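Before any questions on binding or motion, here is one chain by itself as structure tokens, the form predicted alone.
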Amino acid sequence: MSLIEKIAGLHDAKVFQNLHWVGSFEDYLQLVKESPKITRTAFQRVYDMVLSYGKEEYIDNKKTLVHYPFFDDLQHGRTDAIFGLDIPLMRLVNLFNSAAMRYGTEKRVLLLHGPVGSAKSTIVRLLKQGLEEYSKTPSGALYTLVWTNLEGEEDLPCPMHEEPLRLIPSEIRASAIKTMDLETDGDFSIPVEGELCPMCRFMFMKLLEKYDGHWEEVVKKHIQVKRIILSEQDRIGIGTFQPKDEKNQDSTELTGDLNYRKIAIYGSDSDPRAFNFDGEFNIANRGIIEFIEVLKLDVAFLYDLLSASQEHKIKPKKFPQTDIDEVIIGHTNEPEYKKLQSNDYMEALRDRTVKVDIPYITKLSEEIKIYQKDFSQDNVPGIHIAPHTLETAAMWAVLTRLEEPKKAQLTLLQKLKLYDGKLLTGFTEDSVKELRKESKREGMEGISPRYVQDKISNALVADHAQGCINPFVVMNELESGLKHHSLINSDEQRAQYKELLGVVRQEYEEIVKNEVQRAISADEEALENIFKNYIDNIKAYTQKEKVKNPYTGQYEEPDERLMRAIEEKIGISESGKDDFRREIMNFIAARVVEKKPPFKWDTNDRLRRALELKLFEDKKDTIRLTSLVTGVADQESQDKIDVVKARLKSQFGYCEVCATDVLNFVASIFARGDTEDEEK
């Protein structure tokens, strides 16, 4: 086989033929009879497209939310994705639903509003790409008409890809649809409204005169119906308009313009065949049109936008108002929106606009996903990204977006953890709801993900020779870039962001201390022994019994020193010890009753942490980690340090470079602590 034949074998001609189906008007009526939903409006099609990927309900802080997988990545090869914006996306999809039901929002401009880099453009891009893919599926199929068998002329496809049922005169359309005996599911009714575009109306009237008013002769002899695939590249059903400078703006970009070459053919500039219906409103018919930075439009464009949204009509030059059916969606940032609010001349646009706020992400785990997607190990071959590098960058970005909590005992970092679903003593789900309620502008200000992505990229390039980047390298990049950040307008704000980097550094210090401690105490047999000993003692304590000493065989009082040595590691006070011990025993009993797996040393996170810290306390002096700082380590200590380093690599994702760095860093912390203890 030749190379061409091999490649041709990968192409399925039947798929192409199905996607480019062609038939008569009678064939199309039969398709409508069997599947009326092929006549859906643009809003109905967009809503069904989103739902075709399913939806997932979940509870977040006692509030039922819906996640739409359509906005996830890797759908049909798409590389874009939306993270952490389920609530704004719920509002947007609800608007699609309302418009699909014709409750009024189909007559509005949907405006995505938010700070720079908050995924407004990405949301619209996903909708456009999704609509393209959906139109290729059987459930997303849609059709248009072509004028054929014209004397001395080539076939003329409808320039606006109109619904073929518009060929049925409006005065008999409802009766005609009733006679089709449609196989409807649910309450769906065919939504065909409006009249043919100027060119199709011209051809229809011309042929109707030829056949002395016999409609059936026109549609049988001169109408061909074909399936269309929505495509931004082919300018079918998907349009994008971006404002230019005032001197170059022309409303014909939206509604089409005369074709002067064809005027010479048809003899008149009033002949619709001599008009190019190729403005963005024209070509986006049956689909979606995106307005980039919509509020920067010249006033002349706004008149077209108002009639397109409210009346679903546009006014091409020298032709009557023309019906359109499309989703109009724009996006803008906050400064432009404030101008709209303060401009009395824009009152009509404000009245026809439905705003959906698209804020920055305020949930740490979702922010991390943005950077993991761009900087996964597969995307940066040859460079290792140390654990917590992306996490610390995301933590700082989210902290800049949060409002200071009004509760005096709550820090900004604790607020971040509560938003991320972490449990903090004294705070409940109701506390989180209250925090969100009192922070009305949260996520509308702060650092953009783009800035963080740029600085991570800088760090990858600058430290390529080392083969590994760590959180300190990235945090230094984030800090140094603040001097030249174009969106920071005051030294006070710059100082605040630097201060938050200090908070992140302290938190990272705690994280790596914890990991090194866990690596040192990662002796499961020893942990199991401490665990069993502790459980035996608290069981005896809560049941007012004695414990059998495994060495002497004598029954003794529970070992209070052992229990407190473990409990103090996680901040259990003397007054709270009884509650904690009963909590553990009740937890064990509940697992037995519910026939869950046995309670182990790592089942309860708080107890696991306490056990690890206790074992670390027992072992740290034997390992002599501080010898890394002095540079003097005997062979026995070095062997133990190598074991810890191996655990960091195998269990926590470190490489040789960053494992060595983190051990040196933590050793310096311990050495500093030892020095402070000696000074005291």
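Keep in mind that this is a model prediction, so the values were computed, not measured. Note that residue numbering begins at 1 and tracks the sequence as displayed.
There is another form of the same protein, the form predicted in complex with a small molecule; it is not shown, and what comes next is about it.
- Just one of I361, L349, A397, L402 comes within 4.5 Å of the small molecule in the model of the complex, counting any heavy atom, and that one is I361.
- For the options F202, F427, Y337, F83, the one in contact with the small molecule in the model of the complex, meaning a heavy atom within 4.5 Å, is F83.
- With the partner left out here, the small molecule still marks one of 493-501, 443-451, 428-436, 138-146 in the model of the complex; by a 4.5 Å heavy atom cut-off that stretch is 443-451.
- Although the partner is absent from this view, V294 stays clear of the small molecule in the model of the complex, with no non-hydrogen atom inside 4.5 angstroms.
- Residue contact check for K120: one or more of its heavy atoms lie within 4.5 Å of the small molecule in the model of the complex.
- Under a 4.5 angstroms non-hydrogen atom cutoff, the small molecule in the model of the complex has N333 among its neighbouring residues.
- The shortest heavy atom separation between M101 and the small molecule in the model of the complex exceeds 4.5 Å.
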